[in-house]
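This text opens with one protein chain seen in two forms, each one given by itself as structure tokens under the names structure 1 and structure 2.
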Structure 1
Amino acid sequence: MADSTVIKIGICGLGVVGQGVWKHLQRNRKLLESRIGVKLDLTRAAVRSLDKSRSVKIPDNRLTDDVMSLATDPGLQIVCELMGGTDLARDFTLAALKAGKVVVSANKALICDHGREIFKAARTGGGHYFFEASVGGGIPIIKALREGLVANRFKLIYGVLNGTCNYILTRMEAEGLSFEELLKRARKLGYMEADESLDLDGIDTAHKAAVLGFLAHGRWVSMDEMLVEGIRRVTQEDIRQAAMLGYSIKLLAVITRDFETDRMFIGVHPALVPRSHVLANLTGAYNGICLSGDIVGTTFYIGRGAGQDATSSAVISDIADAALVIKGSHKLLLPDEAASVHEESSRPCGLLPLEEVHSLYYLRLTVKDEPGVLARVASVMAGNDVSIASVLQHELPLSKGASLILTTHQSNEKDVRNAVTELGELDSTIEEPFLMRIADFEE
């Protein structure tokens, strides 16, 4: 190797991903060094417990339980924040950036909650922040947005960003099992986050959508500014009815922007996806993301969205890019700097109001099996300017009432939500109505 530059690396957190990065970086180090033209030295690792057994063998003199010591170690040029959480991770990241280091992270919650502060610290401290592994696992979606497709404006970004939810929904469809049965299986397989609500209630997907929304449009959209719904209420009846209508159910993140009014919207919710669409055929723990650019058209990215190997691949890719930046052969703008290049991003875009967010809808109602119920439902829908496209009614077993499945013509979120609220208050309604969107990918 002609260049004798040595880049020293520290890893903070040796969980599943951290151990994968250490293992694969050691295994493929010579190949990676030949590709980027520098030497890589895995110098130190910080862990919460020095006594914990791990699958990778790391010399004791390279391990420490003093996390912050890696952030301030003058001998380290790159530090990987792979411990998760947002409190200690934030302190560590800010300290490392203040010290002028390059930080590599897979922490989407940290970026979503503190991205603006982190990018400012990188800019003022002279460091840099890489976060490819935070969205899409092994899919290089952030690199695509920031580099490969930088010439484009994106009116629509959508996709499946949570492998756990995709696993549950696809197995419900394939095996006919209930949500509760497959949730137990997902736990045994180790797919679930420690806080299961992050997966099941759409929070993990919303964090990733916020990152993509900022990179594409230069605005941080907070959780309370999004539409965020999870998959807990999806039943086998919904799976069967969707199939009869020609759809599969997926948990989607949808990021839209109206460039004429300079406003955007982010929604995370279960949706009926046409069987003919590539995302409908996305099985297991895979992720799939579609970007609709004004120049390139629509591009699709599919790959493993989680797991040690996929996430490690993305982290190591960032380490390689970081090494090139340090070497001086690569220049990469921080996200807020890159956003300011576009005229429309010189000021934060606004948010679309609910009355301007349109979709087709699927609505499941459980009602008393008595005369006049359908007429009352139709009256509520009409009173809220929601046009019904189809109705399917069938009796539930054990005299539990009847199930009504409605689909609508194009309506807006505000009117549909008002209708659902009124329907839930009818004396004839037995259970809370369940609403899903029907995906219409007009690009």
Structure 2
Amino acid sequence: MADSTVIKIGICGLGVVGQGVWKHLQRNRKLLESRIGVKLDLTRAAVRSLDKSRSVKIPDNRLTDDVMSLATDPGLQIVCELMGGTDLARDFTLAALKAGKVVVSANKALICDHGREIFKAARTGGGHYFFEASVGGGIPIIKALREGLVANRFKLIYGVLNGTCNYILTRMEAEGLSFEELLKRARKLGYMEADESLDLDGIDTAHKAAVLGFLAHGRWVSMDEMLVEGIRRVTQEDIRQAAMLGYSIKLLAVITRDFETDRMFIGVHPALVPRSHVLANLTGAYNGICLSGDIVGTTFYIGRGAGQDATSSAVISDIADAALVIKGSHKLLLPDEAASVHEESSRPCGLLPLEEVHSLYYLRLTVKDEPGVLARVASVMAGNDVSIASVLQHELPLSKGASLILTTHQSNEKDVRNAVTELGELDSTIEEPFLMRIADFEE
């Protein structure tokens, strides 16, 4: 290696991801250095508890519990924020960027909540911000979107972005186990966020969708502007019924932009995906993302979306890019909100209201098993302009009524929601109806 530049790196957070980065960077350091032409030194790390036992051994004099000291340490050029959360992580990131450092992060919650502020701090402070591991685990999806497909406009992006939910749903389907049993297993595998609600309620997927939405369209969409539903209400019965209809259930993120009306939409929800679709065949903690560009057409990206090794791969790739930026041999393009401005109207892209979204739907009703119920259900659907495509009915054990599984033709979200509200209020309805969208993506 001709260049003797040494880049010093600090890591904040030595949990699942931080320890993986430390371990793999030590192990593959020589190879990486030969590829990028720069020497890398893992100089310091910060944690919350100095006494915790860890699988990576770090000398005491390199370990601190003073996180902020790494943000301003003049000896460090790259700092990795691998703590999670949005309070200390935000303060640390802004301080490091202000000090002109390159920050590498896997923290999608932070980017979703404070991305605008962080990118601005990177621009004004002379630092840089890399976040490949924030979406899709080991899949280089951010690089694909920002570099490989930079020539395209994206009418449709959709995918499975949460490994934990995909693990739970696929094992429910394959093993017939309950949601609760699989939750315990997912915890052991290190896929889950410290706050499990982020995974199970679709919030983590929404954070990732917000990052992709911003990169593709230059507009930050906040959580309250999205449709966000999680997987807690998906039962074994839904999995079985979906299978009988030829579908698998996946937690999907869908990002659309209509270039004629120039509005975008982000939705996160469980959906029935046809068995023949590549996403239906994603197992375990895998993620899969489909990007449809107006020039390239449809492209798919699949890989492990959570866990130590896959995530470390993405963080280390950012460290390599960061080292190249510092060395001055790589130009970094920070995403710019100006990219959301429509060329002809010169206005920023708007948002498609939920009421104008259309889809195919799956509806599970638990109803009294008595004459006239099916007719009343059909009448509510017709009264709301929702056309039924199929009906499956079976008796529930122990005289607990009947389960009705309906699917619809293309319908309007507002009409379907009105129908679901009315159905929930019928005397014959025993349990709150459960609605999912059926994935039907036309290119």
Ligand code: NDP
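Throughout, residue numbering runs from 1 along the sequence of structure 1. Everything quoted here is computed from the prediction, not taken from an experiment. Only the largest set of C-alpha atoms that superpose within 1.5 Å between the two forms is called the rigid core.
Form predicted alone - which displayed structure it is: That would be structure 1, which is the form predicted alone.
Core fit, then Ile295 C-alpha moves 2 Å or more between the two structures: Ile295: C-alpha displaced by less than 2 Å between the two structures.
Yes/no, Met192 Cα shift of 2 Å or more between the two structures with rigid core fixed: It does shift by 2 Å or more.
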